[in-house]
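One chain comes next, on its own, written as structure tokens: the form predicted alone.
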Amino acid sequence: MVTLPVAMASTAVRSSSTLEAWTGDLIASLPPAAGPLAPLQEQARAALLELPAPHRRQENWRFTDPALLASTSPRLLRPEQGAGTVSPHLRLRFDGSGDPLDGVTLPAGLEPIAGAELHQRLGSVLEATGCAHHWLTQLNQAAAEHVLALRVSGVAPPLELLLPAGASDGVLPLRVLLVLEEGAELELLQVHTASGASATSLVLEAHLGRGARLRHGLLAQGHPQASLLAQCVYAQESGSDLSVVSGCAGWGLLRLEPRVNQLDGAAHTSLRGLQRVIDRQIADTHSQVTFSGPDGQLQQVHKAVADGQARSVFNGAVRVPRQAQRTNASQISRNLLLSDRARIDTKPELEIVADDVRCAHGATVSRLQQDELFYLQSRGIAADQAARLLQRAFCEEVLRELPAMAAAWRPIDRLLGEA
């Protein structure tokens, strides 16, 4: 058993009690439950009042202070409507205040999910990945008034989803459900932005049928007073192929929780993530991949860049139970530390019960290499420019795997603050 120092323990208690008071104020400010999500709203509001708020005495929040979240106004955020933009592909704007499909004619391969099927599908992937009753899930379900629910069949056109929090202060709950039928294919780019103090809560569920393919890109550029709490959960049937690429920077508090369950094994999963933190920002990624059948594959690369007094956290869990024979899983955490006062905590972990597997993991934390800097400077490149070039090369390994439509957002420039 680990005993916290008195000062740390008392700080954790204050943080927890403050966040619990904030949660109560938020629930009190919410309008009465209504619409298709009303039953979920009522259940989650009751559950949220009983659940302990995240605090640093909990193992998976040990390095992450949720104080910034408690400083957000405990009320629903109503972002200002943005102007429409021309795009060569399907672009939807979802700000939580209305149905994102109102007035939209969906192309072949995409159709809305509603009625009884919506209630049947919502929450099923959360259950399959073991996070249906987590505090972050209940927070989202208590406040979310609308859901973007889509069924994908055949080869669907690329979809860009804009999720702006704007500059106002408040909580923005967003709920997304994707169901890919057998053999379906979808390329999705999800773009989160914030320009002021706010808290975005996202729950995204995706179910991949047999042989389905999902390429999911998440690009998130925030604000030092903004929080992003994102749970992206996936259930894969055999033969399916999932690629998730995330690039996040600028958030005062970032909590990203990707979870995958290969339901029958014999599926392929690729997870690539990049987070950049400066000043006093906190970025915390907790991923979990579970193989529930044999012959599954995983390639995971997580990268972080930390400067100033910022903190980057990564905890990647891979579970291989006895029935998941012949699993082939690789997990690596690579981190770049640019300041003596920044911190990086990384913990890739494997939980293996099966005896016929090929699994590997590792972690590195390094600084910019002096010999590489010297080489560039010897070619006439200034020291600060050489350092930027090496940072770009470090980040590019992840960001180049984003869907092609991400190029218009100039992700490498945005995440490095050079846009």
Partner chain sequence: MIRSDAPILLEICDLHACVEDKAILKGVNLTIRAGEIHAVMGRNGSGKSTLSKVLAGHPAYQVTGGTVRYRGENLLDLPPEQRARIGLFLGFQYPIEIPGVSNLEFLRVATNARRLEMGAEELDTFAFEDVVRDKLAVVQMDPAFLERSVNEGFSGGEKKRNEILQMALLDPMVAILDETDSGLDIDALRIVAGGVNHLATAENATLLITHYQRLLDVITPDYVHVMAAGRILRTGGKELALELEERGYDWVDQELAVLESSAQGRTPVEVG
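Please read these numbers as outputs of a predicted model, since none were measured by experiment. Numbering follows the first chain given and starts at 1.
What comes next is about the form predicted together with its partner chain, which is not displayed.
Colleague: Among 46 to 54, 352 to 360, 28 to 36, 385 to 393, which stretch has residues with heavy atoms no more than 4.5 Å from its partner chain in the predicted complex?
Modeller: Heavy atoms within 4.5 Å of its partner chain in the predicted complex occur in 385 to 393.
Colleague: Can you pick the one in A67, L368, V365, I381 that has a heavy atom within 4.5 Å of its partner chain in the predicted complex?
Modeller: Looking at A67, L368, V365, I381 one by one, just I381 meets the 4.5 Å heavy-atom criterion.
Colleague: Within a 4.5 Å heavy atom cut-off, is E42 in contact with its partner chain in the predicted complex?
Modeller: So E42 does not count as contacting its partner chain.
Colleague: Indicate whether its partner chain has at least one heavy atom within 4.5 Å of a heavy atom of Q377 in the predicted complex.
Modeller: Q377 belongs to the contact set for its partner chain.
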